[in-house]
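Form predicted on its own, single chain, as structure tokens, below.
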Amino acid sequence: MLKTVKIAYFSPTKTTMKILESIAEGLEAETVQHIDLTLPEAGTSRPDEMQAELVLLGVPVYEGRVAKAAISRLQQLKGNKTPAVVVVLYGNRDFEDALLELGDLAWELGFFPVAGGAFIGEHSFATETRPMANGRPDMKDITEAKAFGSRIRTKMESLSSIDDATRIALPGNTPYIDRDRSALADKAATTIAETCTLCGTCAPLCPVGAITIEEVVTTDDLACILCNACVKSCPTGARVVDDPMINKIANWVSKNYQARREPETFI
């Protein structure tokens, strides 16, 4: 039986975290420890050293790549040849090169990737009228995540040491898909002043500290990564992303990617 599993994640809307927790449940480890890399303070913490455990690394996919803000947070980890499972979560369109990129990053950080998975979560721009994998991960996804954990456990139990493992082959291309966000550089969530109650829910959830609450709520447009954690958590619907370019992209994704995608796993 695995003694310790650590789950390390960048998960603004908690969907990636939910999948990692389900995989960990399938692993049936004695102890599961969280390393939450989401909030700004995680970027300044002392590096976590891994030893004699299995680590699940999880991030959301942005434009077919690992979320850029997640990379510096993951660099707080030191693998020391610790076996790792790399997991990406995407909004039903495509994960493109993100899983390969995460696997490569894990390797660079000293981990030994033994399995990988691409799961589906509700898209950050999804709404009731513009559905994009709404409500996912759902129970079917959770069941698959637990089964994935069980298969990983079987693999790990078959190894006498990590030296017996071979590096997992993951889908994707190098060089990775271009990540040119210049057109979105000044796009950000905004606040509808008439609806806002200054409750303070949004600011502590921002993974890049882009929100300031004083007499009004202000957002650092250049810092915002459009994760929509603030939008999805606002109790009055005052936080919104309402930009013509973003709406055009989101409407296109919703129209063209309604067919349900299923998780893909690699062991």
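Computed from a prediction, not measured in an experiment: that's the story for all the values here. Residue numbers here begin at 1 and follow the sequence given.
As for the form predicted together with a small molecule, it is not shown, yet the points below apply to it.
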query = Contact between S254 and the small molecule in the predicted bound form at 4.5 Å, heavy atoms?
reply = no
ask   = Can any non-hydrogen atom of T15 be found within 4.5 angstroms of the small molecule in the predicted bound form?
value = yes
task = May I ask you to state whether G64 is within 4.5 Å of the small molecule in the predicted bound form, using heavy atom distances?
result = yes
message = Please tell me whether any heavy atom belonging to H123 falls inside 4.5 Å of a heavy atom of the small molecule, as the geometry stands in the predicted bound form.
response = yes
message = Can you pick out, from I225, L37, L27, L56, the residue that has a heavy atom within 4.5 Å of the small molecule in the predicted bound form?
response = I225
query = Within 4.5 Å of the small molecule in the predicted bound form, do we find a heavy atom from each of T4, L74 and G149?
reply = no
Region of this chain that lies against the small molecule in the predicted bound form, out of 138-146, 152-160, 166-174, 92-100 [heavy atom, 4.5 Å] = 92-100
